[in-house]
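For reference, the chain that follows is the form predicted on its own, supplied as structure tokens.
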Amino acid sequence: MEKILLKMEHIHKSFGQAEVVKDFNVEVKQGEKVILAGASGSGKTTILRMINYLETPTKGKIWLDGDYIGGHYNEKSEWVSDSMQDLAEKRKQIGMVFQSFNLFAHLSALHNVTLGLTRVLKLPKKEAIARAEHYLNKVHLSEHIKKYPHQMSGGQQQRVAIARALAMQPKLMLFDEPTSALDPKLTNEVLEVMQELAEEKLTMVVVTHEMGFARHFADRMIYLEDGVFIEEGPPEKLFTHPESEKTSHFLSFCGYKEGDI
């Protein structure tokens, strides 16, 4: 039986009176690549941010590798929220790559990657440098490790951000529109790296509008609309024979129509 790495059960999220995610449920198997698709405002990024508790669910529970994220039940079956220290420990298991690169402008590529390794994982400096060099090489940046963000293209900066997340050796990787700030050429650089990571059976949940990439990359695609789960399945099924007219309508805006091969 394939191991369930991530489970979200009856997740709701409200901001004031606006409920942006409504009873979302998902299980992600270890090594699976899942795409969250939908128009802007459909709740995709909010779901991603709730997985590592950058946003706290209004209702529902999230597990990662069998442990609750955000809290636990005590011996009286009462829910106890995690302390910041406990939450930080759990977040170490989750890597996240954002739309903006979020690199430290005053640090080189190498230093941007080693920072978390020395400060969060408490690795010795020599070991941290070796690990950072390994992951920068994995994203094809071995010749750029001494460069600062302003000396690199957007695609290179995003690949540094990916290397930084990978170097923490998380169980789960989250990608929130990692190519939205890039032009088509630089987009391809990042998507090619993500495809290489997929071949290594890294568990990934990805928010993207790059539907051509999603079609060939994902094991499963989930379509959401206005915070509501609409349907899921292998990408080829959703692209060629979607069950919902809403899914078909969305994909038609992306340049696909039902039956496209």
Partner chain sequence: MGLNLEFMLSIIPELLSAMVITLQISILAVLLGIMGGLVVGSFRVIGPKWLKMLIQLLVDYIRGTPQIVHILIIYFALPRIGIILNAYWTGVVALTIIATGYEVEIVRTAIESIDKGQIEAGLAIGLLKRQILIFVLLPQAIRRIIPPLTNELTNIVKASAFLSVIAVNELTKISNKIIYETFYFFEVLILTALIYTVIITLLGMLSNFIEKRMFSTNSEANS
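Numbering follows the first chain given and starts at 1. Nothing here was measured: the structure is a model prediction, and the numbers come from that model.
Quick note: we don't show the form predicted together with the partner chain, though the next part is all about it.
Out of 74-82, 163-171, 139-147, 185-193, where are the residues with a heavy atom within 4.5 Å of the partner chain in the predicted complex?
Only one stretch passes the 4.5 Å heavy-atom test: 163-171.
Only one of 54, 34, 211, 202 has a non-hydrogen atom within 4.5 angstroms of the partner chain in the predicted complex; which is it?
The residue in contact is 54.
So in the predicted complex, are 206, 216 and 252 all sitting within 4.5 Å of the partner chain, heavy atoms only?
No residue of the spot touches the partner chain in the predicted complex.
Is residue 126 part of the interface with the partner chain in the predicted complex - any heavy atom within 4.5 Å?
Flag for residue 126 set to no.
Check whether residue 119 has any heavy atom within 4.5 Å of a heavy atom of the partner chain in the predicted complex, and answer yes or no.
Yes, residue 119 lies within 4.5 Å of the partner chain in the predicted complex.
Since only the chain is shown here, I'm wondering whether residue 92 would be in contact with the partner chain in the predicted complex (any heavy atom pair within 4.5 Å).
Contact with the partner chain, yes.
At the 4.5 Å heavy atom threshold, is residue 88 in contact with the partner chain in the predicted complex?
Because a heavy atom of residue 88 falls inside 4.5 Å of the partner chain in the predicted complex, the answer is yes.
Within 4.5 Å of the partner chain in the predicted complex, which residues of 97-121 have a heavy atom? Give them in sequence order, or say none.
Sequence-ordered list: 98, 100, 102, 103, 104, 105, 106, 115, 116, 119, 120.
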